[in-house]
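Two forms, one protein chain; structure tokens for each follow separately as structure 1 and structure 2.
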Structure 1
Amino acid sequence: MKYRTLITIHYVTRTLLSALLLVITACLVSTQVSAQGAAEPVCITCHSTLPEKYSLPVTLWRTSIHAENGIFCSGCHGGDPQDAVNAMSPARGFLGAPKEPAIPAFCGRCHVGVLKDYLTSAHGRMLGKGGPTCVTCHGNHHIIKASLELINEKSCSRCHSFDRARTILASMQNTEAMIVALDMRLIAFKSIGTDTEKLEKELFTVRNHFHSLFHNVNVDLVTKESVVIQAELYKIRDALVQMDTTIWKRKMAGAGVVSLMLLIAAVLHIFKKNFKL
């Protein structure tokens, strides 16, 4: 009887101990996961261990604007980032690596406006027949914030002369410089407590319009639209000049009041001295 009780105690303790161990392990694993934010997608875990052709995309992607904005491998390629066995199953939406003519639609699932402009452009019309795709200009995995620096002689004279590109670049650089200058003046006004909200919104809209201009690659259209955009920018500039004048007038009025008071004080002083009041 005594022996049996001993065995029962031994059994209960063991069960309790192993249950405790399980709980501790689970806690450890879950804190490890939450310390990393979330478990790393299986695409990255597995691809990091593969030969260069398949691991280089991971290295390149890590410092891209997509990684920065939470667009992982599966955001572009589809598939199941949680399930290592079925990750690349078409049944889980895996799209594979797109062939050249499929690339614009592949990127255009998210960049809808750009795709529309691209498809109607001289570049889009030559898709699959020598025209550039999105990755020709932006790259595939190391895509960074777009800027006019993408328009350069090395990149744009791979297929034709740089002449037309140069015209587009010149008019866009002009507009860009105006936008940057206005932005800086708005920041300066804001820092002295002026209400700039309305003008900031206007500039934001104009800037978006401006940055959606390029993919048409139509010299006439870009030149014509640049004139329209610059006219909008001149309006914002005039509003800022108006603000400057108002602030100056207020300052002068303030200075005027002070000078007047000083004058009165001086006159009173002289009056007092001369008439010994």
Structure 2
Amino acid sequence: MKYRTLITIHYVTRTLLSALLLVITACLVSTQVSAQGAAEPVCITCHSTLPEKYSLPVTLWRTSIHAENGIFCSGCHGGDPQDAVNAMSPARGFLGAPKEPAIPAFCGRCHVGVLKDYLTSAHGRMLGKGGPTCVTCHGNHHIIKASLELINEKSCSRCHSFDRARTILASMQNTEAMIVALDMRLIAFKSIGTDTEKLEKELFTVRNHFHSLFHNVNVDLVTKESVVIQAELYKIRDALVQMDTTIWKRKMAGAGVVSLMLLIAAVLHIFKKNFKL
């Protein structure tokens, strides 16, 4: 009896120890994964603790569209974001900060289409001659999301009058409003199970065409292209109206069928009641 008791205690103890070990292991793994997920690149960690001259880029970056999309220092400057010793080693691909004439090409490694649009614009043709670069309007570390809000009197009048830009802005605002409205309607249709893939692709293509005008400062060209783009948007709008009409007809047909079925049920109920009488 005593022997059996000892055996039981042994197995119970071993089971408890095994369970405790599993719990401890799970906690350690969870902590490690959590730490890795929350860990920031060494560039951020190091620069955040330095004097303002060196920590300011981090402060600016934290409120940028790059930070919002998970693009860290190494995404632009290269280097090894996980190795403090070799973070700024050219052997690990560190590029540092570009000189002013090289800024567009530096940003254009990711923004290929935008670089092409910029270089063919009046702004791009002034590159290296005192003209604006990407950071002039978008900022360097506090990268501002591309939008029509960047075309404003305060920014543009730093180099020239706002007259031409004002005309361009007015033309593009109308197009932007149409794109936003159509996008919202497509989302609404999609939410009720309507197949919108074809129209989504068409709107995506038109939006890209529209975005190619963002760096163009030729008033006549922007006005002309805006008319072309709006014509394409009207086609998408008409297709959505047609879809709306089709859905409405189906709903009316369904309501008609339901009403007919209810009428038949009512007639049968009355007939059955009268027949019993």
Ligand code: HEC
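All residue numbers here refer to structure 1's sequence, counted from 1. Rigid core: the largest C-alpha set superposing within 1.5 Å between the two forms. Computed from a predicted structure; not experimentally measured.
- In this comparison the chain labelled structure 2 is the form predicted on its own, and the other chain is not.
- Relative to the superposed core, Thr194 undergoes a C-alpha shift of no less than 2 Å between structure 1 and structure 2.
- Once the cores line up, the CA of Leu240 ends up 2 angstroms or more apart between structure 1 and structure 2.
- When the larger part is held fixed by a C-alpha superposition, the smaller rigid part turns by 16° between structure 1 and structure 2.
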